[in-house]
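Below sits a lone chain in structure tokens, taken as the form predicted alone.
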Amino acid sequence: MPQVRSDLERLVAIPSINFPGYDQSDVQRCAHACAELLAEAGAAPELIPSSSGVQTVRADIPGPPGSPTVLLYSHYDVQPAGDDSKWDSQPFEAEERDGRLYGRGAADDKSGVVTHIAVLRAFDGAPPVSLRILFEGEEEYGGDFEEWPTIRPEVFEDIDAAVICDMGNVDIGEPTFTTQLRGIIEGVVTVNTLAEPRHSGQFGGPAPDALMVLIKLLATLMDDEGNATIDGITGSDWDGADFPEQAYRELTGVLPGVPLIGTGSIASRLYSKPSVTVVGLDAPEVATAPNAIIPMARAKISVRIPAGVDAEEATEALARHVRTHAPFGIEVDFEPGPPANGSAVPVGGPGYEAFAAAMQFAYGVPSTQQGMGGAVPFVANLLEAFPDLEVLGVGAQDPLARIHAPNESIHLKELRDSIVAEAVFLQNLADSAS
């Protein structure tokens, strides 16, 4: 663990933010650091550039002849830190507090990177199965890598199981497989009603206010209980582990007295039912707004869709809803964004059983299953291209990790147990195949 922590601190110190406006040399620097750590662990990595220049780190480590081949995946790019004043320590200087290591990327997903490196070290660079390690740098913003299952299928054709170490446990000490991921669709709706603003006293009444038209339209996306109401986008009840309501309230920062919306269990609302969010709104600012009828307003709509709902069809359903529910017969414009399918991961195969037994060994308790509200397009694309491949969504993240938020952190004991579980999984899989 001292070496693991040192590796993680080294990677956290590199602000590998693959977003427009950030220094891309830091992303390249992190790719090289990952490659150096793999080399120190006994691998011979190569750096494969995407069309944007961002590099994927690949290492193939042969196991005994005839042994299974396991893909170990993680990503080294991170979200922007945001407002440094909201962090209790510097976002790119790892700091330990109360058994957690804080820093941007400490959990998502440099914890996954160091997990795979630690497992390789545990076997002195000679694992009991063949390994293909892929560390990508385009997960957070998007890029070529998510399309690799289609554009580079040869990378995955000989894989027997894929370990996606970009997930986490339902709670600390409760080993968890992530077996369902929601997808995402989005689009921008624009309302134009006047050529230019007009005095609200002289002309208000018959002339439609574009913002009021937009508000009435957006309100149709949700029923009175808070459920999504877009025809053609359906959901179901989640039958895995539920998400405790009090923990959910604390983690999301829902204010005291504010009710939660929607129906069904918390887990169902997070994993297996659609949710609608207006993530952006263009309208006059309150501080400088004149008393005038607003001629144009627009909003960006984001819809999380359950696994099994086709993202392109769902985008069409959203566009249809927006156009048919515009009030007063006013035509609106809808510009769709890029869709991403969700994915449901089959369970019960030899890889799953080997990893479940490894989790029992490492954590001392049986494993459970959870969904994930966010989209991971690579996983959906991998399952679509290779439907018979066992995909195992695991990792050391936990509900307190605060990924994508200030004060991101990883629980160091959870990281240790996650590493032990992955190492024992490889041995279990080798033993079952021999």
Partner chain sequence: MRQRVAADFAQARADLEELVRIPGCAFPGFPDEQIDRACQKVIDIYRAAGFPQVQRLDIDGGKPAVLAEAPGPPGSPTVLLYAHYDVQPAGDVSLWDSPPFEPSERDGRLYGRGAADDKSGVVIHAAVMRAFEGRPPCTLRVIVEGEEEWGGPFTDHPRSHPDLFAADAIVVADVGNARLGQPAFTTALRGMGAVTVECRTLAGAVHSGMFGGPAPDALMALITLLATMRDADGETVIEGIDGFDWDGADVDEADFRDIAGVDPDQPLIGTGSVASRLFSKPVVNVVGIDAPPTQGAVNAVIPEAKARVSLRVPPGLDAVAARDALIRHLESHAPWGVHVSVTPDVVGQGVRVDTSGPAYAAAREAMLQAYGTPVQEIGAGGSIPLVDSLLAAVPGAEILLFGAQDPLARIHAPNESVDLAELQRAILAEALFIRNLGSGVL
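Everything numeric in this text was worked out from a predicted model, so none of it was measured. Positions refer to the first chain, counted from 1.
This protein has a second form, the form predicted in complex with its partner chain, left out of what is shown; the following refers to that one.
S.K.: Tell me the stretch among 341 to 349, 354 to 362, 110 to 118, 200 to 208 that has any heavy atom within 4.5 angstroms of its partner chain in the predicted complex.
M.R.: The contacting stretch is 200 to 208.
S.K.: In the predicted complex, which of the listed residues (A317, V155, A122, I330) lies with a heavy atom within 4.5 Å of its partner chain?
M.R.: By the 4.5 Å heavy-atom cutoff, the listed residue in contact is I330.
S.K.: Can you pick the one in A59, L37, L383, I403 that has a heavy atom within 4.5 Å of its partner chain in the predicted complex?
M.R.: Exactly one listed residue reaches within 4.5 Å, namely I403.
S.K.: Tell me, yes or no, whether Y248 is in contact with its partner chain in the predicted complex, where a contact means a heavy atom of each within 4.5 Å.
M.R.: Yes, contact at 4.5 Å.
S.K.: Do I172 and its partner chain share at least one heavy atom pair within 4.5 Å in the predicted complex?
M.R.: Outside the cut-off, so no.
S.K.: Evaluate D98 for contact with its partner chain in the predicted complex, applying a 4.5 angstroms cut-off between non-hydrogen atoms, and reply yes or no.
M.R.: Outside the cut-off, so no.
S.K.: Can you tell me if R182 lies within 4.5 angstroms of its partner chain in the predicted complex, counting non-hydrogen atoms only?
M.R.: Residue-level check for R182: yes, a contact with its partner chain.
S.K.: Is it the case in the predicted complex that P45, T150 and V391 each bring at least one heavy atom within 4.5 Å of its partner chain?
M.R.: Not one of the three qualifies.
S.K.: Hey, which residues along 208 to 223 are within 4.5 angstroms of its partner chain in the predicted complex, non-hydrogen atoms only?
M.R.: Those in contact are P208, D209, L211, M212, I215, K216, L218, A219, L221, M222, D223.
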